[in-house]
Structures are given as structure tokens and as C-alpha cells.
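In the C-alpha cells that follow, the same protein chain appears in two forms, which are kept apart as structure 1 and structure 2.
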Structure 1
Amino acid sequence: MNVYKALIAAGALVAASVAPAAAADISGAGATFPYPIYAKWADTYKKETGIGLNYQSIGSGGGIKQILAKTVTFGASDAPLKPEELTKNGLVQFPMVMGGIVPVVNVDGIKPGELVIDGPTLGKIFLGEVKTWNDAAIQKLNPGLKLPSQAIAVVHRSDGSGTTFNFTDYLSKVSPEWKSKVGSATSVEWPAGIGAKGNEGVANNVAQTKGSIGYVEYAYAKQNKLPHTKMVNKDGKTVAPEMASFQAAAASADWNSVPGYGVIITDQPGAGTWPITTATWILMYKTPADVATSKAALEFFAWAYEKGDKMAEDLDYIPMPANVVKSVEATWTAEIKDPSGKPLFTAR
């Protein structure tokens, strides 16, 4: 679809969608997962207010490094920091939007949504144990498909990645072998495959490599016209990646159960749930050095919560529920203040 091509450019900067950053513009860096919606929001907000957003889509690991180095107004990560890390660094963390991570493939004759995969088999593929597309484990899940004897080429992230964190968190939940041999983190020692930078890098590599499989945020699969798989979820039901299945996965999340809203929603129960669904988080300082720009950032995020839902849904992201938005805005008022102790944002 043209809308995706317009939003996910070859470069990694939202600067492509927004005029060059002026002194008063907001700066952010981090996760590639939400780049398409942050780009859309930034472009619309610039037109409405004249305030720009310069967002570097460099991966969650890079975003965390940049906010800790105080080189950006906010960091963005799909892997939430733990409460003790937030306290140690004087940071506030909140979820901005949710979305789905999907396996994508480049196999001759396989159309989008035609191939079914389950968690244990996906784990064996990324462990390098299932090596060909006509392996018995894959064929059993797809009795009606004629699968080639083609070798499987695994594509994974090479950079510190929240998408990787959630993907490997899911694999650790469904595969004891994966959990013991590899585990879950923003960067892991991959047993097989080749690395690529960012969601865009994985998508491009899969598009160019016959027999390959990778994992990306759903918008990147659509933009690159990559065949995604269906998946067997925790309830044993085969589901497709779509708004309803992403919403089903997010429905039971208790966002206030963890300080910093760091709730992981992979492998949720429910007949209609997509098994690899995640939120993406923003990181800001409780007492920021640049008060004016930090205040502008909070106004932008409040605008996105209030007016950005339709734009998010158009790109297959899930807006945060109203009760979570209310809680987040109350957190801003209570915790993000100027040096004199005055809140930068007043909850509506």
C-alpha cells in the first residue's frame, strides 16, 4: 500500500516526513517498531502546530543509550526498563501504542497468510534445527500445502532491539530449549541465520532472500508486501495477524501491575489472540534539563493519545485504552517536573 511506502522510507529518520528540526523541535530516538505511526503523527502534528519531531529510528538499544546520554528529549523502546533501572536513572516510562510482531517468509508459491506456524516449530527454525521448508514439523501444520525442499534462511536483528526482546520472550515461553539455550533479551547469541539492522533491514533481507524467514512489526510486512504466516496461539487456535487479534492479546493486560507500565503481553490466552503482541514505551527524565522541549514532547504525546487513534488503527497499531491514557497523564503530572518542582503537564 502506498501509505506504508510513504511512511517507511529507506532512511531511518522521521526527518523525511517532517521539516528539518529547528531549535524548539522535539528530538527522540529508538525503536523501529513504532516508526511508521510516529512518522504519521509527527507529520500531522507539524502541520497543525508548527512543532516538529526529529525521530531517529535506530532500535530500542540505541534509544535507551541516547536518553541515558541526554542527547534526545525522549527515548523509545519496545523492551521496558525494569523499575529499579527507572529509579536509578531518574526516568519515567509509559506505553504509547501497541502492535503485532509477525513472522514473514519468502518461499516460492506461498501467499500471505497461507503458511501456518506454531511457537515450538518457530523456535526450532530459529535454533537452526528445522532446516528445510518441507520438514515434517512444518508439513504437519500445513497438510494442504506443497512445501519445497528449499533450505530455510533465518534473518534476525543485528542491533539492540525491542522487537527481538518480545520475539525471544515469546520463544522462551513456548520452547524450553530456546529458553535454556538462548533466552530473551534485546540482543541474543543467535544460533543460526544472518543479521539485519532495524525492522526495515529484516524486511528488506527477507524480500531479497529466497527461502528466508524473519520477524517484523506488521506494518513492515505490509509495506514490503511480504507473506506473513498465521500462528497457532496459546489456546491452540490458528489466528491471523490483524487488528482484532492484536486487540484480543492486549485486552487482559493490567498496565498498573508493574511500575513504569512495563507489562509484557506475548503468549496471552484467548481463542482470538495473536501470540506476539507488544506495547512500545517512551522514556523521559523526571527532571529534564530542557524544560521547554520536554513540555512540548508531553503536549505532542497527549495530542497523539487524543487525536491519533484513527491514524494508528489505519497502520494496524492498537491505541492505548482510555483508562491507561488517563493513568499515564496523571503520572506525567505527578512525576515530570521542572527544577522548582512545578509539573510540566497538567492532566486534563
Structure 2
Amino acid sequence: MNVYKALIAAGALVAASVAPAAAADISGAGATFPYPIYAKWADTYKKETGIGLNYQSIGSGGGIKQILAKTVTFGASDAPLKPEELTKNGLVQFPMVMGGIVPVVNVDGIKPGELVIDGPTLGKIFLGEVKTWNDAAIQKLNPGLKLPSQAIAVVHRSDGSGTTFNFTDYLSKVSPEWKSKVGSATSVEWPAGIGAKGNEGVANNVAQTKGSIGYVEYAYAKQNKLPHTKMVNKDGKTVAPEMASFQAAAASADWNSVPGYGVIITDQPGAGTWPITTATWILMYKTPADVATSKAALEFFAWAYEKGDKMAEDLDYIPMPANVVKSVEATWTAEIKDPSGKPLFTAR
């Protein structure tokens, strides 16, 4: 995580928790990826309404464990739960915000956005089959670039993470060999490379290691000024990682095709679509024990959907499209209820 951003976010959370609480504070735990934007929203929301949000960024796995143990109002995860898991535990799941994952490289003479890579080649690199930068597979995609004969050092996450889940999901979609040999999960058995902890660990290792390639959240690549690559998307078009290509991916997804909005938006069709785009989800109980706090949490999320877009874009996150927000809010009204069966949330 960008240190500066983390400090601001941590400061915001401390400030939010120290200030006298006008109402019961909302508590949440989970994914580290959306932590900066949740902290920013929480800080602004606290100033406007006096209601605080205490979010612990302990990781998606931890977030799922915490909500199942009922120690928090909501859990947050970068990997969606399966519909049957949601039904079994009486949980509601909805996407909160989106981000992009970009391959970053450290090759002498390659500037940000110069190198073009397609999915199958990326799969071969991470499988350890393409071993040097001047391999024919990479050279073919970059006829104008002079690539060195240097060995490729693959850098991946050593901890379980939603970023890995989405990245490996993409590789499974574009490379049958990856799908059969490795598969997709929050952590996998990597066939090659070096492991580093967290987005910041991957970013640092790529920055330190000559000839390396890794994958990080877009915000980390942008803030650490790491040379990102362009990607060839499903339509065969070369795209750069930027807000427009991430939004194109979000817009092309059919969010209602999976219960709990568990749509993984990697490898989406569309000429301008960035192929490795991800969402992050919130988990809440259908019949929460603490009705008042859950109600406050839903109001906070509604506020974030309505007023948080600018803040999200400032931090390089992608806001949810308006039609998805409308659908999510309808889901709240239909599914999240107090013990008497009264909905906790009604759209304004």
C-alpha cells in the first residue's frame, strides 16, 4: 500500500474512532484492497453525519471469518462467496467498488505503457515457460521494441489475496494450460517465481529486481510509478489501463447473472475493455442481530454509492455503475429485514 495514503487512511480511522460517537459506530472487517477508499468515505461520512465506521483491513479471508463469527456488522471480500454459501449462512452480498489489476515490469529501456502483452503469453510467463524477455512470443507482440535477453523474474503474491483470485481467474480464462495446472483461488501453487506479501511487497520486489514482472492493483502501479504494460483484450484490441477501460469492463458485465452479484469481471468483451478488472464485495446478514447498526451501515453504503464516486476516482477506484446501484438497493429492501420482517432500507 502506498505509505502516504495508508497514513492518511489510518489517521482518518483513528480520528473517527476517537471523536465522541453520536450514534453507534458501524464495524466492518475484510479486504485490504478497498481499505483506502472505505477509510476516506468513513472520514467524510463522520464529518457529515457524526456516525463513525471502524473498518479493519485484515484480508478477505479474515473478513469472511469475522462476519460468520458475527463480530462485525459487515464483512468485505475481494473474492465473491458462492450462491450456496450465501444461502447456507443467510448472507447478502453486493459489490461496493471496483479496481483494475495491471501487470508491471522492470526491464531496462522499457517505459510505462510501452510493452504489450496478451493473455496467453502472460499465462506462459507465469507458468515459467516463457523464460526470457526476447522470447518470440513477447517479441511478436512488440515488433518495435528492442527486448533484452535477460531472464524473466516472475513476482507473485505470497499471501492469499483477492488480487490473486482475480488475476488467476483471468489466466484460467485465457490459458487452458493454466486452468488445468494451477487454477484460480486467493492463493495458488505458483509454478514459477518469487512471492511477496501484499500489493506493496509485489510493487517493491518488481522495483528492486531487474527483469521482473508482477501484478498489482492499478493504484499501486500508478502511485509507485511502475512501468505498467498494455494488454490485448478479448476483442483482440490493445488497451491501456485507465479509468475509461476499467469502466468499459464494468459496463459490459451482466451483474444480475449470478446471485449475490458474484460476477467476476475479468476477460469481458468490448473493444475498449481492460481485461483484468475486479470488484470488491460486502457481506451482511439477511436478518442481522443488531438491527440499528446494520441500518446505519446500509445508509452509509447508500451514501457512498450516491456521493462517493469522486472520492473513489481520486484514489483510482472505479465507482459502481448507476444501474447496478439501483439493483443493489432494491436487493437490500427485498432481503435485509429486522426480526419482524420489516425492511431495514428503503430507497429514497
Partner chain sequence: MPSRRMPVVDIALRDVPAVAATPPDRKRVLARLRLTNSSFRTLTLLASILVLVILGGVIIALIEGSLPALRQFGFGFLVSERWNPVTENFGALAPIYGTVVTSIIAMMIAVPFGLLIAVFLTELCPPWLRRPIGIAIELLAGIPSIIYGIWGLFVFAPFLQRTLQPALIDLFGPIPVLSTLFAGPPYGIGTLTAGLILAIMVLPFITSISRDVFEAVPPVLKEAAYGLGCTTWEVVRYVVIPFARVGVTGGVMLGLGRALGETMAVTFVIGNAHRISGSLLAPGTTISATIANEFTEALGDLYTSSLVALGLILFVITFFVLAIARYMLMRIERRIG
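For numbering, take structure 1's sequence and count from 1. Rigid core here is just the name for the largest C-alpha set that superposes within 1.5 Å across the two forms. Quantities reported herein were computed from a predicted structural model and do not represent experimental measurements.
Asker: Out of structure 1 and structure 2, where do we see the form predicted alone?
Answerer: The chain shown first - structure 1 - is the form that fits the description.
Asker: Superposing on the rigid core, do we see a C-alpha displacement of 2 Å or more at D135 between structure 1 and structure 2?
Answerer: No, D135 moves less than 2 Å.
Asker: Using a superposition on the rigid core, decide whether the Cα position of V258 changes by 2 angstroms or more between structure 1 and structure 2.
Answerer: Yes.
Asker: Would you say F246 moves between structure 1 and structure 2, meaning its CA shifts by 2 Å or more once the core is fitted?
Answerer: The answer is no, as the C-alpha of F246 shifts between structure 1 and structure 2 by less than 2 Å after core alignment.
Asker: Just grab the Cα shift of V92 between structure 1 and structure 2 for me, core aligned, in angstrom.
Answerer: So the C-alpha of this residue moves 3.4 Å.
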